[in-house]
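Here we start with a single chain on its own, the form predicted alone, put down as structure tokens.
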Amino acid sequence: MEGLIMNYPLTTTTILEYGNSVYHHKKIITYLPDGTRQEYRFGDLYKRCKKLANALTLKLGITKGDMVGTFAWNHAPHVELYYGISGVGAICHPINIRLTSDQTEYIINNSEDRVIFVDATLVPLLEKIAPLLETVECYVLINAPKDFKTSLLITIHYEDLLEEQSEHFEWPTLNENDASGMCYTSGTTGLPKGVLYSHRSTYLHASNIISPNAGNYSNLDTILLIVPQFHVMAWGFPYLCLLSGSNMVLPSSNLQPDVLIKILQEEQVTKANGVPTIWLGVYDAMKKNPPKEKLALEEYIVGGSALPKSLIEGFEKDFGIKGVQAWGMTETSPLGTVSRLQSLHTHLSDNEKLNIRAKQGTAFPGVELRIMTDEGTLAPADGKTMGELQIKGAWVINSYFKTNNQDGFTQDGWFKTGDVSTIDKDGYMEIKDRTKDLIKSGGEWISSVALESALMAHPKIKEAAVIAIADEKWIEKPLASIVLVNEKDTISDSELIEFLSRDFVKYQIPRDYVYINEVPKTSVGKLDKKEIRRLFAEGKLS
């Protein structure tokens, strides 16, 4: 027997309609690549999305199921594309602007984008590969001056496209299980893979993150969206802002620490997101030049890689700003866990609380986690037994785009993350490493993530990355690449060994250290250990 409840589709247009109905007065603020500030309201967003819907269907001939690419920074027109494209039944496909030309060409041809909306500042990246793109019919130029010159053959200006369209559009009835958006994995191991999100998964993901035990967002907040819109649909923030009534601040390409601090100050931002490297830069800049007035920023949520305990502690101690660790993947929409303290932790010491907050945290409602050992058994929830993290839930993929290959999934339907993790008795998950990044020295496992976090707690160290290198005696041993806070500083290997000996036993501590100017990063700001291994193999890491 089914329940007697209305069939009310959970779609992106449902989000847009709600945001306009209840929070039409809330703000969307954009800092364009040239630094110009623009502001309008959710009500204006709503009208422009309807104009865009008319333009897509009447002018560009976009129909249900078509792929429409975006190649753009974080700004209001990009948010319009999120809603307008999916609203007409097409699929919004944000393309990672930081991939190689070969990867970008592959992604566009694989997805079969019919139209690409591209920022004027990014046009040169597409001009290089435009002749190789098999399905693209035209390009729509965003933030481009009238006299903008390009070798792209068929172009139209975004504002011209919208100007002639009506603000009245009747959204088609959509199935909540229809595809609404797609992002590709970063391709660090092989070709990028397409991850296709549904309207339902997008709605559930966004509505869950709002809750107090998760992201804790409300109409009292102004949120700075640093995570790129091409990175897993900006972690769902353009959707959750409309559901929560939070003002939205979009920095486009203005991601330098000093500029971000200025934006935080001027817009009285209360919450923000971003990968750890962004916040390491902001913290370093604030330490060197402390703001004259306390920032309104209450907390920042971090994903992509581990948030160092030293950064959590430093930001809170020096500036009263809380760091919140989250975890997810492109395949999980992306957020799957968040680490917040519970009432049962009240009696713990500050250091014990810090250790919990530095974990990746507990699963959101609608998501399940488990740890499977190498022997194929379920690991106990003891916080010690390591195994591969597996996940399933309402916004986790069940296959990749254009493939029936189920190598990444278990026979009983769980997604295999490739992360080596533990889960404790209270459900807190902690990632120890990626499977490929674990170091096995003399038959014992060593966590590169734990070593990196510990090294970055040293006052002279800004960043650290640890990889495995070959060793005649132990087969593998750890090598630490170090970036110093001050290039003029010096630090001895023996000092670092002694520093690490507080938390690690002898066999776990690196004996080999190299000092570099910058740790290589992936297109989404993670430590690029694949590149570090290459540099070491070629003798360029010294």
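So that there is no doubt, residue numbering starts at 1 and follows the sequence shown. Source: prediction; values computed, not measured.
In what follows, reference is made to the form predicted together with a further copy of the same chain, a form of this protein that is not presented.
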Do heavy atoms from each of 23, 203 and 344 fall within 4.5 Å of a further copy of the same chain in the model of the complex? yes
Only one of 55 to 63, 513 to 521, 487 to 495, 23 to 31 sits within 4.5 Å of a further copy of the same chain in the model of the complex by heavy atom distance, namely 23 to 31
Counting any non-hydrogen atom inside 4.5 Å, which residue from 269, 275, 363, 456 sits next to a further copy of the same chain in the model of the complex? 363
One residue of 130, 386, 210, 329 in contact with a further copy of the same chain, assessed in the model of the complex (non-hydrogen atom, 4.5 angstroms): 210
Given that the partner is absent here, does residue 403 sit within 4.5 Å of a further copy of the same chain in the model of the complex, heavy atoms only? yes
Can you work out whether residue 216 and a further copy of the same chain are in contact in the model of the complex, taking contact to mean some heavy atom pair no more than 4.5 Å apart? yes
If we define contact as a non-hydrogen atom of the residue within 4.5 angstroms of the partner, is residue 299 a contact of a further copy of the same chain in the model of the complex? no
Residue 192 within 4.5 Å of a further copy of the same chain in the model of the complex, heavy atoms: no
Quick one: which residues from 388 to 406 get a non-hydrogen atom within 4.5 Å of a further copy of the same chain in the model of the complex? 391, 392, 393, 394, 395, 396, 397, 398, 399, 400, 401, 402, 403, 404
